[in-house]
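To begin, one chain is listed below as structure tokens, in the form predicted on its own.
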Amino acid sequence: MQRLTTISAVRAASRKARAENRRIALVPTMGALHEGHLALVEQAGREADVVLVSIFVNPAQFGPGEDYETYPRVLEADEDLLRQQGVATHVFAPTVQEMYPDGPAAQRAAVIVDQLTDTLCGAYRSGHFDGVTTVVSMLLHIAQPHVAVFGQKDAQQLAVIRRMVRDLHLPVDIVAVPTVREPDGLARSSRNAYLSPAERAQAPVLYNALRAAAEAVREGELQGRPLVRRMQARVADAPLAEPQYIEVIDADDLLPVDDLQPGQRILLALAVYFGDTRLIDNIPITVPSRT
């Protein structure tokens, strides 16, 4: 596995792979890798011959007061994990200056996806998705992959990137990987390390709430508000949990849904604070047809 730190080096590796008719997969990450990331890398290995994992804590997607400065940066440990897995062929670990030569605040060009970024996390993290789409667009242009792999846990990010790729006619396939969970159901996340023991003990309430709503949909509930109330009641069982949003949304336009239609693809989604730690989770589900 080779570490690359410059854009020119990644472009050279990409040109070489394409000249050899080898398929390239990109797995964009911010590092602090865990089993969820490794599942993305594993899928990338099924999709391609060359697997490039980017590790870059992107300042443009953090807002004021968020955890950019304290976000874990453990490149050596990340590379050890990737070597043990044995799938990644390259790691792209650029500096902020490499990606933003004049600094992120001086960046004048950006990729913005309207509407899909107005709800869920986008309603509370102004500019976050502009930073995400811009850096992902940069990575796609730098690496020129045939496929890029993302996790379902970040469902809004996945939908936004898919729309960006579609609308800009970017020649890359976007592959989604189901959320990887701890044995108690908590979605794997780099931010789980921030949780205190008491918070960690209560955090599985997120998945429990989502499962309760998903089961209600399967049993025939077709109204969004009762589903939201069901999730709210489950989350309220955890005294340390402070919900930011709990919603039932359409999986395509990411707008709230009141009347569910058979065959409709929806997301049960929530964001909850435990202290200063913000966790997100979701379950995608297709509304069953009436019998």
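The structure displayed is predicted, hence computed values, not measured ones. Residue numbers run from 1 along the displayed sequence.
One more form of this protein, predicted together with pantoate, exists but is not displayed; see below.
In terms of contact with pantoate in the model of the complex, the residue from Leu210, Met164, Leu186, Val135 that brings a heavy atom within 4.5 Å is Val135. Contact with pantoate in the model of the complex, defined as a heavy atom within 4.5 Å, holds for exactly one of Ala39, Leu222, Ala251, Met30, namely Met30. Segments offered: 239-247, 258-266, 45-53, 58-66. Contacting pantoate in the model of the complex at heavy atom distances within 4.5 Å is 58-66. In the model of the complex, pantoate sits beyond 4.5 Å of every heavy atom of Thr117. By the criterion of a heavy atom within 4.5 Å, Asp154 is counted among the residues contacting pantoate in the model of the complex. In the model of the complex, Tyr194 stays away from pantoate, with no heavy atom inside 4.5 Å.
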